[in-house]
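Take a look at this one chain, the form predicted on its own, written out in C-alpha cells.
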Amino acid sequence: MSIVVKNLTHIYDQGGPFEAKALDGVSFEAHEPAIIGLMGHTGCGKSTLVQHLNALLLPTAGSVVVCGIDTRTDKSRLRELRHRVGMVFQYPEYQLFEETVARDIAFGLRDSGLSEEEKKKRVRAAMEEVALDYDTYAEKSPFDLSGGQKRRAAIAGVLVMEPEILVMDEPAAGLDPRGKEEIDDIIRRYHEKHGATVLIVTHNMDEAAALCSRILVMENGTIAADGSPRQVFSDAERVKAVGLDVPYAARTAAALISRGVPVRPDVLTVEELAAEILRIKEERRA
C-alpha cells in the first residue's frame, strides 16, 4: 500500500470557455497504514484530489502513483487499481438498486472470477464489517432499511472488494450522532483488521481529531497544512484563515484557560478535556 502524489495539477475544461484549475501542484505521500483526514472549505479541491486516487480523474500535470500503479502510464492496470482502492461517495445509499441487500453488496464481485460460495462468504464478511446481521438483512430489500442501515449496506458494497485503500467522501453526512459514531467504528475496525489506509473527506473537526492520525488541509487547490491533528489544530489562527475551525474541546479548553483554569492547551477531544477537568478537581482536593 502506498500513495505518492507529485506536483499534481488538474484543470477542468482545459482550453475551453469554462477552464478552471482545481488542483495546483499538490504533493503528498502515504506509505504506512493510517486514517488520514482531508479537510478544507467547499471548492478547495478535496473531491477532485480523491478522484485521482483510483483514476476516475487523470492528472493534467504531475503524477499519481497508487499501490505502485501510475495512473497516467499504467493504463492496462487501472481496473486492478479500482479493485485495490475503494471509493465511498457522499450519500452512497442513493446508489442502492438491487432486489436484496446481499445482491446489492455482491454487485462489485460480478466479474471477479470468484465462486458463488466465495462471493457469499465475502458478502457475509462485509455485512459483519458494517454491523448488519447477514441472516436478518441479506434477503431484505435495501429500500426497507433505515437511513443508517442503507448507508452501512452501501459501504459494505465497497468493503466486499477488500480494498487496500479506502476513500470516503463525507461518510457520515446527514446522519445523527449515533449514526456518525457507527460509521467511525466501521472505519476504525476496517483499518485495524485489514491494515488499510483510509482517507476521509470531512468538515467535522471533532471527527478528524478523534479518528485521524494525520490531517491534510487544502486551500485553493493546494496543501496548506499536513501533520497530526495536534500539530494542525495547534495553529488555530491558520486553521481559521482557511475557513475551518478547531474542535469543540479545543475551543472549550481555550475558553477555560482564558478564565484561569489550568487545562492543557493542546486538548483536542472531549475525552481529553474531561480527563483534564477531573485532574484539576483531584489536584484541588489534595
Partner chain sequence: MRSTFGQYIPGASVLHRMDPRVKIVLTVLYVVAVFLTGSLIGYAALTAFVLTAIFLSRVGFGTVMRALKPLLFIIIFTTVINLFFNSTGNTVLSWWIIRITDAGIINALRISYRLTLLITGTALLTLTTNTVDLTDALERLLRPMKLIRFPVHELAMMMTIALRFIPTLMEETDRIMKAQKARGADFETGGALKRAKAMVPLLIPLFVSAFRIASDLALAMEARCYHGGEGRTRMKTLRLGRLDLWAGMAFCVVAAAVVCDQCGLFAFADNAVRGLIFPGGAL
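Numbering follows the first chain given and starts at 1. These numbers come from a predicted model, not from an experiment.
Beyond what is shown, the protein has a form predicted together with its partner chain; the following relates to that form.
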property: K180 within 4.5 Å of its partner chain in the model of the complex, heavy atoms; result: no
property: 4.5 angstroms heavy atom contact with its partner chain in the model of the complex for T222; result: no
property: In the model of the complex, K121 touching its partner chain (heavy atom, 4.5 Å); result: no
property: is_contact(K75, its partner chain) in the model of the complex, heavy atom dist at most 4.5 Å; result: no
property: Which of 183-191, 121-129, 97-105, 196-204 sits within 4.5 Å of its partner chain in the model of the complex, heavy atom basis; result: 97-105
property: Its partner chain in the model of the complex: contacted by all of M87, Q90 and R110, heavy atom 4.5 Å; result: yes
property: Proximity to its partner chain in the model of the complex, single hit among A138, L145, M161, A173 (heavy atom within 4.5 Å); result: M161
property: Option touching its partner chain, based on a heavy atom within 4.5 Å in the model of the complex, out of T252, Q51, S234, S63; result: Q51
property: In the model of the complex, residues of 15-47 near its partner chain [heavy atom within 4.5 Å]; result: G15, G16, P17, F18
